[in-house]
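The form predicted alone is given below as one chain in structure tokens.
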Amino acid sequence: MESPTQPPPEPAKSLFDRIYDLFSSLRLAIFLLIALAVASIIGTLLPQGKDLAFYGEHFPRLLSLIRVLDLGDMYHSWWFLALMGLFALNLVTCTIRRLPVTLRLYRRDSLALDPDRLARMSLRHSWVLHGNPGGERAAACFRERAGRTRTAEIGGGTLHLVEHGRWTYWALYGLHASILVIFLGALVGWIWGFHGDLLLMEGDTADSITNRRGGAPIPLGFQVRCDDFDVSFYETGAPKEYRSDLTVIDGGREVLHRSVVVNRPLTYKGITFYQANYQAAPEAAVRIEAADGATKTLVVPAYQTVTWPEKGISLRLIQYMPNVHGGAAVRLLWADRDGPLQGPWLIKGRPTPLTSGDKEFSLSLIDLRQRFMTGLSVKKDPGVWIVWLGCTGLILGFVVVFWVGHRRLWLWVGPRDGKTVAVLAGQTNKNKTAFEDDFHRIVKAMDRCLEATP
């Protein structure tokens, strides 16, 4: 007894074919989409752009994971960029794999159709054309209701075709290209953009910001001055609105004035300043009396060093207390060229003696007022317009992919069983309900047209 013939084993795939199959698989696409979605959720829930001290304070158990995976700047982390790169590669490979099928569908000649196939289509209708053997009137009625036609002589009769939306086979490629354009925009922003912070006291000017990635200064190429800062409060004491009046100085000229509030930023040369926060900062007026009779009053803002050059003295305000023994007090960092660094406390209204080397001074806090320091988030993203372009293409692509289809209507007019018949049939690959309604309207219109034919 002979054993049944076994099919020959399939040849083993090469390494290239296995890699090609992997990157063109739908499973990989779904896995990468889920991974990117999960990562995006984490990036939304976890505050971004903070320093490790912030995460150590608020997420102590996750600090090691945040540091290793760079979750504080997740969208710029190596693994997130790798996921985007893999998804882009998967998208390109799938596109290449599908291209031959799309080309075949696009090049298909809808007029090269056996008339008998029309009779097997689900959407069809036929007429017996009494007294109209040529069928010219039926063809005219079809053109009048359906639109411009192309014709071919086939099956002993004439096949008329109305076709719309053949180009929609390429919509999926437009969709894929839009996603790649979005990735390109994100990459451009990552390479040539930056995101930093700027703390600016009222009246101060800055020409650089602090990069959130690493803390290095980033020169702006122009200057920004905070002319004024104002904050209003609700009755509960919570801030209601805070506003910074900024002036941009470029090449020594004031080129732009703008009030910046939350959700109404200032943009100059592609760099956008967002109102992010503010800080209250004291400013102390300190009078220094030297033993030789010299007197100087210095205004010392917070976070700044003020000098008395003639005496080689510098002061820096390092601490503020609103009430010490019944009066406001500040602590200064005192330095001069003759003595060591000192940190005297000054209470308003009470002179404080200070000895530095062989010199004696008397320090008095004569005034103390509160100033505001505006906190600006500064961002430059040259890829944002590329991302918008990709998003627009993505929306249009989805509209076409899901709602715009390839619609074909045929009318064949020719002899069958000694009579002249007209067969109407139609097909579409999307939105079939609407197409069926259109088909039945054309049938009714042709009924009326043919009945009206003398």
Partner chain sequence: MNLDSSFFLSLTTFVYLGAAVIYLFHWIFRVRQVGVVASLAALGGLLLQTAGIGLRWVESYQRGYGHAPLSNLYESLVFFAWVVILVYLVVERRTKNRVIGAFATPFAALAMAYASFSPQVEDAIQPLVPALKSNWLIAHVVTCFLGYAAFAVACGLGIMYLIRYFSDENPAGLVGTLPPLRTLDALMYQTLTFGFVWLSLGIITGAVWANEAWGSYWTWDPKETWSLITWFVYAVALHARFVRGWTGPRIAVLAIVGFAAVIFTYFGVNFLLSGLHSYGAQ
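Being a predicted model, the structure only gives us computed values, none of them experimental. Residue numbers count along the first chain shown, from 1. By rigid core we mean the largest C-alpha set that fits within 1.5 Å across both forms.
Just so you know, the form predicted together with the partner chain exists too; it's not on screen, but the next bit is about it.
J.: Taking H176, H195 and W403 together, does each of them reach the partner chain in the model of the complex with some heavy atom inside 4.5 Å?
T.: The answer is yes; H176, H195 and W403 each reach the partner chain.
J.: Of E136, E144, E289, E241, which residue is found within 4.5 angstroms of the partner chain in the model of the complex when only non-hydrogen atoms are counted?
T.: Looking at the other structure, the residue within range turns out to be E241.
J.: Tell me, out of T295, N263, N323, Q370, which residue has a non-hydrogen atom within 4.5 angstroms of the partner chain in the model of the complex.
T.: By the 4.5 Å criterion, the partner-contacting residue is N263.
J.: Where, among 52 to 60, 420 to 428, 382 to 390, 407 to 415, do residues come within 4.5 Å of the partner chain in the model of the complex by heavy atom distance?
T.: Heavy-atom contact with the partner occurs in 382 to 390.
J.: Is Y234 part of the interface with the partner chain in the model of the complex - any heavy atom within 4.5 Å?
T.: Yes, contact at 4.5 Å.
J.: Examine V162 and determine whether its closest non-hydrogen atom to the partner chain in the model of the complex is within 4.5 angstroms.
T.: No - in the model of the complex, heavy atoms of V162 and the partner chain never come within 4.5 Å of each other.
J.: With heavy atoms only and a cut-off of 4.5 Å, decide whether S64 touches the partner chain in the model of the complex.
T.: S64: no, not in contact with the partner chain in the model of the complex.
J.: Given that the partner is absent here, does Y75 sit within 4.5 Å of the partner chain in the model of the complex, heavy atoms only?
T.: So Y75 counts as contacting the partner chain.
J.: Any residue of 38 to 56 with a heavy atom within 4.5 Å of the partner chain in the model of the complex counts; write them all down in order.
T.: If the 4.5 Å heavy-atom criterion is applied to the partner chain in the model of the complex, 38 to 56 yields S40, I41, T44, L45.
J.: Following rigid core alignment, is the displacement of the A39 C-alpha between this form and the one not shown equal to or greater than 2 angstroms?
T.: Yes: A39 shifts by at least 2 Å between this form and the one not shown.
J.: Relative to the superposed rigid core, does F54 relocate between this form and the one not shown - that is, does its Cα move 2 Å or more?
T.: Result for F54: yes, a 2 Å-plus shift.
J.: Just checking, between this form and the one not shown and with the core aligned, does G237 shift 2 Å or more at the CA?
T.: After core superposition, the displacement of the G237 C-alpha between this form and the one not shown reaches the 2 Å mark, so yes.
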